[in-house]
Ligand code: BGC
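First, one chain by itself: the form predicted on its own, in structure tokens.
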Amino acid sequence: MNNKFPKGFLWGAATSAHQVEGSTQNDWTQWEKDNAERIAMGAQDKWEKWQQEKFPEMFTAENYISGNACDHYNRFEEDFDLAKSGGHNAHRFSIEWSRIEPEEGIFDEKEIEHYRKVLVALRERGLEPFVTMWHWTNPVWIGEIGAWENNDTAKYFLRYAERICNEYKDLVKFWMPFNEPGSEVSLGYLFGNQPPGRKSKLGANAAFKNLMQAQKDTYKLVKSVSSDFQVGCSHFMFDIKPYNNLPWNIVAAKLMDYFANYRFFKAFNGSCDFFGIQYYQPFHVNFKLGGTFFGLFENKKIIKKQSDLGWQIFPEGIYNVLKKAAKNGKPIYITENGLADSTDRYRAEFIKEHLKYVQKAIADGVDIRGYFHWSLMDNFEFVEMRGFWPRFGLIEIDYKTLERKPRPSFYAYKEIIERNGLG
């Protein structure tokens, strides 16, 4: 198998505004303040003993308040210099809707100019921008009207999307209206463990419907501005497997795959030029009667190597999800792939081994055009409100001094990029 990646392959890392910029004022900001103490108190029941001992900061409320984060808002040029020094030729980031439109119908010209500077800084360093318009956070006023359960939110989002698309049409080619809409619906509207904190199947269905409509409308909008623009949508994919060969687990795994993956691709396939695939771990399905009316899906992982979050490191899984995603006939960019690894013990190997399976998928005919590692730097991990203790960065952040320090894996990734292949 050829160990080179296709000519023009995009290499980079990803971030999101709320997780790195600092000083945001959106619907998550108040949620953090209202729930930090509760989450800190519940850490003892949520995490394993070894995790508690390794990361005692999980017991402090401050861990769950984003605050200044990495101050990327003021230090983006420094961070992009580091990305360039690591050989990156692309960068995925999000524009914070709450900065652009802090009040309904009122656009902040200063913030619009700020993100223009961000885009210019990327272009000056030879980094192709992948712009995510919405990475889960909403302006406060959107939260107050019911966020994505409210049909009007799709209309308001389209107005915001039209403004930034026209503002930055000279600087951006790749647009991603939404980051993992399916994950936000599940975590925010079914399980209720992140904003808006709902546990409502009706609310989840309404939110998914409105997000789907907004994706379709934004796709048409962006293509009307320029037919050369490329519009995508990212999707979190587990490599879903039955826990064992019992018939009900095989059936349960197929059902979960349908709801987690097939339904998403079917809904969004007509409003994307490409799919962004985000893979972290496998998911073993063990179906048990009881627990809920529909039974209980358990994540039973067979652990060999694991991240600081206890996620199994299973590189072959990225091959499996890429093959599945390829059936939809769209080009693919891997828009997130990474692990929490504070000591950088596994990250270099993680990247190399996952990229081996990416190459295998390419050799099998899957049209893969880029890889973005999650994340460029340590950040505020807001999935299920984990806070600062999980360390996903190629670059280590000292949260007291905000010093940036590239980890050894940063340089291992750089070598792959410079070769455009594996040694």
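Each residue number is its position in the shown sequence, starting from 1. As the structure is a computational prediction, the values presented were derived from the model and not from experiment.
Heads up, the form predicted in complex with the named molecule isn't pictured, but that's what we're talking about next.
Within 4.5 Å of the named molecule in the model of the complex, a heavy atom is found for all three of F236, Q278 and V383. Between 159-167, 257-265, 68-76, 173-181, the stretch whose residues reach within 4.5 angstroms of the named molecule in the model of the complex through a non-hydrogen atom is 173-181. With the partner omitted from this view, the residue of Y64, F392, Y371, F55 that lies near the named molecule in the model of the complex is F392 [heavy atom within 4.5 Å]. For the options W136, F283, F80, F287, the residue carrying a heavy atom within 4.5 angstroms of the named molecule in the model of the complex is W136.
Although the partner is absent here, W311 lies within 4.5 Å of the named molecule in the model of the complex, judged by heavy atoms.
Contact annotation: E96 falls outside 4.5 Å of the named molecule in the model of the complex, judged by heavy atom distances.
At the 4.5 Å threshold, heavy atoms of E101 stay clear of the named molecule in the model of the complex, well away from it.
For D341, no non-hydrogen atom is located within 4.5 Å of the named molecule in the model of the complex, even though that partner is not displayed.
Although the named molecule is not shown here, in the model of the complex the stretch 33-56 places no heavy atom of any residue within 4.5 Å of it.
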